[in-house]
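Shown next as structure tokens: one chain only, the form predicted on its own.
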Amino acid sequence: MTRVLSCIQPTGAVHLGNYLGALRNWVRDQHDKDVFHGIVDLHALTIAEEPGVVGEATIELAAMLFAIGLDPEVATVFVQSHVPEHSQLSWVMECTVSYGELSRMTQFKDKTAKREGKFISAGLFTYPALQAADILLYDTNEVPVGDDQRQHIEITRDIALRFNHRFGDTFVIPDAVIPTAGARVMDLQDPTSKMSKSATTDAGCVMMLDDPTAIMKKFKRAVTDSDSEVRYDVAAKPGVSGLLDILAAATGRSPQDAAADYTQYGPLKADTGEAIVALLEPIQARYRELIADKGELARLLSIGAGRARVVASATLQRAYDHIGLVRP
């Protein structure tokens, strides 16, 4: 069975775009592939500046991943820092990748440019080595990525090939794959931009834990256009098309089919809001149960960590043995 690794940083609340665009696919794919989903809290340390923040965000994200339907008995859901092999293999990766390769990473340049004049963690520079360890530890066949992460998979492949050439066949060479397209979820106030929690206002971003009143308010105030025709036309009518995309994703229809039911924007906005309220209601209920029972959350995460360590420890020991390190 194909093994797939997808990781997510605990750096903020999950919104509707995250769910419909990607996370819902994680739930579906867990039954078709051998999936590993890491909450990569160590990566989040590159921007952590206050105690407790990363830990709290990790617990909240874990609760959300289980609430949306990831089954700990099927999918391996784990916290990165609960599997020490990530940090151990990361040093081996740092010693296998060159300074020049790391210095050419586009994300490092972009992130440091944004933080000019502020503290810049060395972890931002060595980040790809830890990410390579994340991937290679699990004999990963596929890593679903967007265009912004392709370079990280390419450097992981380069590191793995170099290690295998030096020390013998050790690591599976992973492939970057474009994930199955999820729903197109655009900002309700700026329908030409994807929904994002980093937008200047949260009025256009529906959070997974927004209450029904807040959700309906955001949809009723969604930007459309000056005429009143309801049709699916992304270029000419991005606001209306964005609403139709969301309604279609929530109801299992095509945007074109959904458009045929409406002649006015008001009912479209109301129905889309109500569909999202209904979609999120059971997720929110399960989230509240989990977040109120930290012991159960810890138990679920320990299942994933245990399963992850079985694979990760074997891979790490194989790497150490091929290098020729002395066993304890």
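In this text, all values refer to a predicted model and were calculated from it rather than measured experimentally. Residue numbers run from 1 along the displayed sequence.
From this point on, the text means the form predicted in complex with tryptophan (TRP), which you will not see here.
**Asked** Which of 206-214, 228-236, 249-257, 125-133 has heavy atoms within 4.5 Å of tryptophan (TRP) in the predicted bound form?
**Response** Of the stretches listed, the one contacting the partner is 125-133.
**Asked** Counting only heavy atoms and a 4.5 Å cut-off, does tryptophan (TRP) in the predicted bound form sit next to every one of Lys218, Gln264 and Leu268?
**Response** Answer is no for this spot.
**Prompt:** tryptophan (TRP) isn't shown here, but in the predicted bound form which of Gln149, Gln189, Asn164, Thr112 has a heavy atom within 4.5 Å of it?
**Reply:** In short, Gln149.
**Request:** Could you check which residue among Val97, Val143, Val77, Val185 gets a heavy atom within 4.5 Å of tryptophan (TRP) in the predicted bound form?
**Result:** Partner contact (heavy atom, 4.5 Å) among the options: Val143.
**Prompt:** Quick one: is His43 in contact with tryptophan (TRP) in the predicted bound form, heavy atoms, 4.5 Å cut-off?
**Reply:** Contact with tryptophan (TRP), yes.
**Request:** Check whether Gln9 has any heavy atom within 4.5 Å of a heavy atom of tryptophan (TRP) in the predicted bound form, and answer yes or no.
**Result:** Flag for Gln9 set to yes.
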